[in-house]
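The chain below stands alone, shown as structure tokens; this is the form predicted alone.
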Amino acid sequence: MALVACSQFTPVLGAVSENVDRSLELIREAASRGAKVVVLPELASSGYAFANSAEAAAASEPATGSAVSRWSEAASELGIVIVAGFAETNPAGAPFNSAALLAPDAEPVIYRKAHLWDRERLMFTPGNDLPPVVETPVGRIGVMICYDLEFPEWVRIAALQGADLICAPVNWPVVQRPAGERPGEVVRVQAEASMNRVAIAACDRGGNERGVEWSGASVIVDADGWPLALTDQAADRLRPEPPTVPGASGEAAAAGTASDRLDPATTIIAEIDLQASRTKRIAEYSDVMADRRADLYERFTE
């Protein structure tokens, strides 16, 4: 069993040092409550709604920079695993949208988001590596970022590599949904966990940044796909109203910050039986991995 936390907060765009300071406060708070794994949002050190690639680059750091180094020091000091999103400097071009996995007294493991969402492709360079699965003192932890979760192949790859838990820093914008439904991203995380029998912790962000309203819908689900902990926004079954902030997309939204709003930070914690992720059998004769018909799927692998 492992206590896993998602520490959701609102990063301030471009304020890297201040964002890392705030994240470390939340990490220490979660650790004081017994958490052995702490997940932070996507681009936790930098904020998200950049006007262009140059602005994203200005808020980026190398993997040896202050953000990752300070998180790594905290992981070793507290004896926990931290997974956090940051903008990673790319000497060859636009920065990467990356996440660092920091385990006690270990070198950082860096993952670069492979599937870039919408205008991200104007700001960032996509990664070209598979999601890592890292042996840690807690268990085998996989890492991916936000839109990566929308691709069943990506979650399946991590599960096939033996992940006990997938930690996903995310930034989920508010979109309209039918009355009585949870945010679609939460539903899909539950489905991916169930289909692969692997626990998933997705840490979202809140607030309003340059006209983008963020869901604040962090969720932790077990290997059966059931939520063990989730924020009020993730559980809210009321249909949201469309954002009222003008200029909610495109360059106009990226031009100003007058509408920015910081939401209170919140941490959700759940105890997860990570051993359950190693059992892929769902009935006496049914196993979600052993029953795959890869011989039939090969024609659609490209």
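A quick note: this is a predicted structure, and the numbers were derived from the prediction, not measured. Position 1 is the first residue in the sequence shown; the rest follow in order.
Just so it is clear, the following notes concern the form predicted in complex with another copy of the chain, a form of the same protein that is not shown.
Using a 4.5 Å cutoff between non-hydrogen atoms, Asp291 counts as a contact of another copy of the chain in the model of the complex. Under a 4.5 angstroms non-hydrogen atom cutoff, another copy of the chain in the model of the complex has Asp287 among its neighbouring residues. Residue contact with another copy of the chain in the model of the complex: Gly93 places no heavy atom within 4.5 Å of it. Another copy of the chain in the model of the complex is not approached by Trp172, whose heavy atoms all lie more than 4.5 angstroms from it. The stretch that touches another copy of the chain in the model of the complex, counting heavy atoms within 4.5 Å, is 118 to 126, out of 197 to 205, 118 to 126, 69 to 77, 138 to 146.
Taken together, the three residues Arg156, Pro178 and Arg182 all come within 4.5 Å of another copy of the chain in the model of the complex, as judged by their closest heavy atom. Residue in contact with another copy of the chain in the model of the complex (any heavy atom within 4.5 Å), chosen from Ala106, Val134, Ala114, Ile110: Ala114.
Along 94 to 113, no residue reaches a heavy atom to within 4.5 Å of another copy of the chain in the model of the complex.
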